[in-house]
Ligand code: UGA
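Only one chain is given next, in structure tokens, and it is the form predicted on its own.
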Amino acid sequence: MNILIIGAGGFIGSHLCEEILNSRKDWNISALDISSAKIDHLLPSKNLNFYKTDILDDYGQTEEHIKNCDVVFPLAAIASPLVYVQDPLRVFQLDFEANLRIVKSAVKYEKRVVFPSTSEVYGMCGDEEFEEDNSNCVTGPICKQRWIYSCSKQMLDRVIYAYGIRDGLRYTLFRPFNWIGPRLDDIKNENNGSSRVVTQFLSNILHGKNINLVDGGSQIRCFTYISDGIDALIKIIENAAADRQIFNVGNPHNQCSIRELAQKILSLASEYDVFRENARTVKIVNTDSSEYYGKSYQDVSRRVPSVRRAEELLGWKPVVGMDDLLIKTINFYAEILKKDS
């Protein structure tokens, strides 16, 4: 099988490449990205070919690779709330416009697409748990530009679904719920808002900065270890029952408020030499979302997935618990910091 991974140098892409090379010796990967930093350790493999390219500037090369693959993963996207607010048109350009071209090429050449939707498409849905085909997708007013990411992904979900009906496009949509693990973000970047929540808190501790809880940190999220997420993606590739389906991929058992998450990370980090000194002095403080992100930000209080469909059709269940997830992730960053010191 020939797998095309666009955005292979990102968090999900790098782990997907790693798992395929480790466990599927007869699969070949064409890996496209603007940087290979997160997959440099994989480049010697004869089953992986890396192509440095920017899909915004050189789409011709991308289209050639789509012609020659069996399955395409369009993983290139901006997934940072700070960018949603500060540069919404950049988000739209990459997350919607560039990926729409990829989807259209997949239709043209009759290729299968496994597309990363997002838990954010549910927006401010009030359901206790989100179901793929039943929960409403609810976002805020236009002035809350934070929702441009959610809307871009949701619109592509709808376009892909429509191509499936009209043109027989083979697709699977998967919706990650806070996937966490090694290579997520660069914690050496000390700018607030530059990382996702777990790595942001680790970065704060590393640089001796207080941990900011946006609007008090009462928001409930469900955290999923990257190995569980990648296991779901492999099952999606191999299972015909995944065709023209949408799957939430998250761990509803790992529910945690952002305040609880900060407390857990601060406690765990104090056990590591590279974090211990600052972990003793860093404080957890409340901050207003308009001060942290800007007035265009809006959030949702609770985001919990139903994963029954993935369990029933794919035979998939998440297995990594909350404490193990954090320990595995902190271990990785602690080792990186030790090597660099």
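This one's a predicted model, so the numbers in the text were calculated from it and none came from an experiment. All residue numbers refer to positions in the sequence shown, first residue = 1.
There is also a form predicted together with this ligand; it is not shown, and the following applies to it.
The stretch in contact with this ligand in the model of the complex, judged by heavy atoms within 4.5 Å, is 294-302, chosen from 45-53, 62-70, 30-38, 294-302. Not displayed here, this ligand is approached by residue 196 to within 4.5 Å at the level of heavy atoms in the model of the complex. The closest non-hydrogen atom of residue 119 lies within 4.5 Å of this ligand in the model of the complex. In the model of the complex, no heavy atom of residue 183 sits within 4.5 Å of this ligand. Though the partner is left out of this view, residue 176 does reach within 4.5 Å of this ligand in the model of the complex, counting heavy atoms only.
The contact residue chosen from 91, 106, 233, 214 relative to this ligand in the model of the complex is 214, the criterion being a non-hydrogen atom within 4.5 angstroms. Comment: this ligand is not present in this chain, but in the model of the complex one of 77, 160, 258, 242 has a heavy atom within 4.5 Å of it, namely 258.
Shown here without this ligand, the chain has 219, 221 in 219-234 lying with a heavy atom within 4.5 Å of that partner in the model of the complex.
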